[in-house]
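Presented as structure tokens, the chain that follows is alone, the form predicted alone.
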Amino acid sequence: MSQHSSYELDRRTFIAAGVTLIASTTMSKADEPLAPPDKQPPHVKTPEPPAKTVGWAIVGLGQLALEEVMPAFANSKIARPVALVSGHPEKAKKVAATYGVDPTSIYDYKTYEKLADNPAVDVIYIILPNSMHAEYTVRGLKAGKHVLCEKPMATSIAECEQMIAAAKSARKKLMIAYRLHHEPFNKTAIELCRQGELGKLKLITACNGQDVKAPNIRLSKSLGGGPLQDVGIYCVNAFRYLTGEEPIEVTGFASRPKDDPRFREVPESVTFTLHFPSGVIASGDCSFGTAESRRYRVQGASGILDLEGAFGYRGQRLYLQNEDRISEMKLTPVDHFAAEMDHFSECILAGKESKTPGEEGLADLRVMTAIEEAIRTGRTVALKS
């Protein structure tokens, strides 16, 4: 037999063997079940419950609590609602039923101190008018609970200092609810500014405006309302966290139109500038009489950063401009309130300090107090280092 014939035979034998192997494989595949042998595929892991969760009492069932905070518990990993404090018993009962809160763990403002007797409550979240923050924070701390307090922390520097002292005396944690410190767009903006991606920072501009209709607690001076306190604080805090500095002097101006009765007690709009030790000049404006606008721009020596929707509950978009090229940074958004509550819960479990303790709220109050003085006097106001 020639070499060529031998090659052909070997080739035919190989192919035949291959056909047999394929047929055998095909037959075995045909016999395999189409569905997995049990309901749970082996590569899919069942999530384990957290080793420990933290119980939260929500104080004040207004719009923010009902529309943002209570729904956020569904996205939280370790925070859970266990008690409610409200002056409206029927509303509180309905909310409790919706979120699985024991109806015996509903309190009003007269029985607030009884939270001390509820071992399920680890932390109290104060979501009340600004004028009530200090009182209910101090009372909550004295009841032996940790406290997360909405911003602004209080209506005066003295109240802030009283709250911080109460936390130290009770040996409990006090955190101020600066949710933007826990969401990825603002966190990324901070990193880019601090890491020099824009070069040396020069100018920052920010605006936070909305059209507020009466009646609304934001329009009441006695309740601690006003555009600077409610929305301007976001700009002030952003200037501080983007630069990593404290301002050394401020200016301010307020507008109160005489033909709009909404602004009998508080300004419609406030503008202000902050001067920082590094030379950065930050300009902010806030209003209760404009179309919604929530954004900031950071200008550096070699780049520009824009965060649209910067202060909103959702919808942030981050842009970076270098050498005439603008790119949008794609980030995965999170539930701001769930992230914030989980952070504080983790701090409580681990015995560590939060990112935004009482001192952070006090720092903003010092700046806003100086802005108000600048508005009254028409002069630049220096801040103590």
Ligand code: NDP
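Since we're looking at a predicted model, the values are computed, not measured. Counting begins at 1, following the sequence as shown.
Omitted here: the form predicted in complex with this ligand. The next part is about that form.
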In the predicted complex, the one of Thr273, Ser86, Asn186, Thr155 near this ligand [non-hydrogen atom within 4.5 angstroms]: Ser86
Selected contact from Arg139, Arg179, His146, Arg240, since only one has a non-hydrogen atom within 4.5 angstroms of this ligand in the predicted complex: Arg179
Which of 292-300, 276-284, 244-252, 226-234 sits within 4.5 Å of this ligand in the predicted complex, heavy atom basis: 226-234
Full three-residue contact with this ligand in the predicted complex, heavy atom 4.5 Å, for Glu159, Ala167 and Pro357: no
Interface membership of Lys172, this ligand in the predicted complex, 4.5 Å heavy atom rule: no
Proximity of Gln63 to this ligand in the predicted complex, heavy atoms at 4.5 Å: yes
Tyr109 within 4.5 Å of this ligand in the predicted complex, heavy atoms: yes
Interface membership of Asn130, this ligand in the predicted complex, 4.5 Å heavy atom rule: yes
